[in-house]
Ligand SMILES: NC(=O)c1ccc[n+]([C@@H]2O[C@H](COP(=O)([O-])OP(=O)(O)OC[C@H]3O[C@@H](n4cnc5c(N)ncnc54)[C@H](O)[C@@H]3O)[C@@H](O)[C@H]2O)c1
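First, one chain by itself in structure tokens, the form predicted alone.
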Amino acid sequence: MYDACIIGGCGHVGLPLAIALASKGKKVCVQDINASAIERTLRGEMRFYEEGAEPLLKQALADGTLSATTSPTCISESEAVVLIIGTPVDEHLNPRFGLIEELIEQYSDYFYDGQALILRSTLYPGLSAKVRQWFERKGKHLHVAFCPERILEGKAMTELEKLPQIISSFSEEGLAAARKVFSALTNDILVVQPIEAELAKLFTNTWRYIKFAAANQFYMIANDYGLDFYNIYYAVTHNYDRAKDLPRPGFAAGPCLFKDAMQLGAFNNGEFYLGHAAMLVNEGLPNYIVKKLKEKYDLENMTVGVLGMAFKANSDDIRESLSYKLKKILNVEAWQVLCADPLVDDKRLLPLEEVIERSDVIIIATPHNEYKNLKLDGKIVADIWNVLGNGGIV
């Protein structure tokens, strides 16, 4: 019998959780439909960058506390099931519930009465209750819990133990099951109602998205007046605690921030003006950079090199990366676009040295550590992140 089965367990959320639990002695089964991902997991290989995860994965496999399979039969052999499937948004910025519905339809026969189902990914508020209702209609009486993940990608192995764990359920049995799972990681456990937990996750990501939008808007105001935002930023934040949470400008992207802000807007009947304004600012930043370059240079006759295609620094994750949006805009506005990223596995990318050599204009789109000491003398450089330390004027 497994302590936990993690469905969708080979991804950025599920696998670190499985490894963390297994390293604490919990018997964990990772279930995923991606056979290649399962094979790599069983070989002790991480498919993506997660600091400190691979040695722990190898140890858990050696200890026999972690296993992995494509078969859903492990669901029936588990005390608790952790589901790593959330609610993305569609082309109209409304949440899509189809993935969860399809999984329940496909796997419902493997669940048993009295089992704990822990929903882990971001959900549209009220969906935990809906999941419970869907199972009830199928004659399955599960203890449904929602316990949102809040890790920083790349730092999961640290943060799973460092951060408080929010748990919620519709029953005392569900709360007890959730507490049993997550108390293996921390004693700092916060209990709220399911819809409160759902909103807590959306509020968390949306707050970050709004803060990034404020920084990006400030950056554009300064840049429009020919001023280096980073001089102002230093003056605002240096030894001044009330401004220390102002982030630096840059692409606010990834699989969560935009999506969750739009879900919160949908939940509030479309009346989320702050969130929608943040979306316009953050999603508009690639267009702004290209517009400013066009104003200064003959961009249509120039080759532009984009450095960094991941959505965040020192990551190989390209999900929802605005670097690809930037590339699409440049494909229209520039003569040629070349892209590089030392961490991303994409056959369309070129070696860094080649991109620099062939480009007239360099845009540092992702602030990887590898870029800090680049020598770009003679090139036009747009460095909104101020990676090179020469300011961020475009």
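Note that residue numbering begins at 1 and tracks the sequence as displayed. Everything numeric here is computed off the predicted structure, so don't read it as measured data.
As for the form predicted in complex with this ligand, it is not shown, yet the points below apply to it.
Peer 1: Could you tell me which one of Leu299, Ile167, Ile84, Ile318 places a heavy atom within 4.5 Å of this ligand in the model of the complex?
Peer 2: Contact with this ligand in the model of the complex is made by Ile84 alone.
Peer 1: Please identify the residue among Gln106, Ser71, Asn268, Thr186 with any heavy atom within 4.5 Å of this ligand in the model of the complex.
Peer 2: The residue from Gln106, Ser71, Asn268, Thr186 that makes the contact is Gln106.
Peer 1: Can you check whether Asn216 is within 4.5 Å of this ligand in the model of the complex, heavy atom basis?
Peer 2: No, Asn216 is distant from the partner.
Peer 1: Verify the contact flag for Gln31: yes if a non-hydrogen atom of it lies within 4.5 Å of a non-hydrogen atom of this ligand in the model of the complex, no if not.
Peer 2: Within the cut-off, so yes.
Peer 1: Spell out, yes or no, whether the shortest heavy atom distance between His143 and this ligand in the model of the complex is within 4.5 Å.
Peer 2: No.
Peer 1: Does Met279 make contact with this ligand in the model of the complex, using a 4.5 Å heavy atom cut-off?
Peer 2: Taking the distances in the model of the complex, the answer for Met279 is no, it never comes within 4.5 Å of this ligand.
Peer 1: What stretch, of 177-185, 230-238, 320-328, 119-127, brings heavy atoms to within 4.5 Å of this ligand in the model of the complex?
Peer 2: Of the options, only 119-127 has residues within 4.5 Å of the partner.
Peer 1: Quick one: which residues from 1-32 get a non-hydrogen atom within 4.5 Å of this ligand in the model of the complex?
Peer 2: The stretch 1-32, when checked against this ligand in the model of the complex, contributes Ile7, Gly8, Cys10, Gly11, His12, Val13, Gly14, Gln31, Asp32 at the 4.5 Å heavy-atom cut-off.
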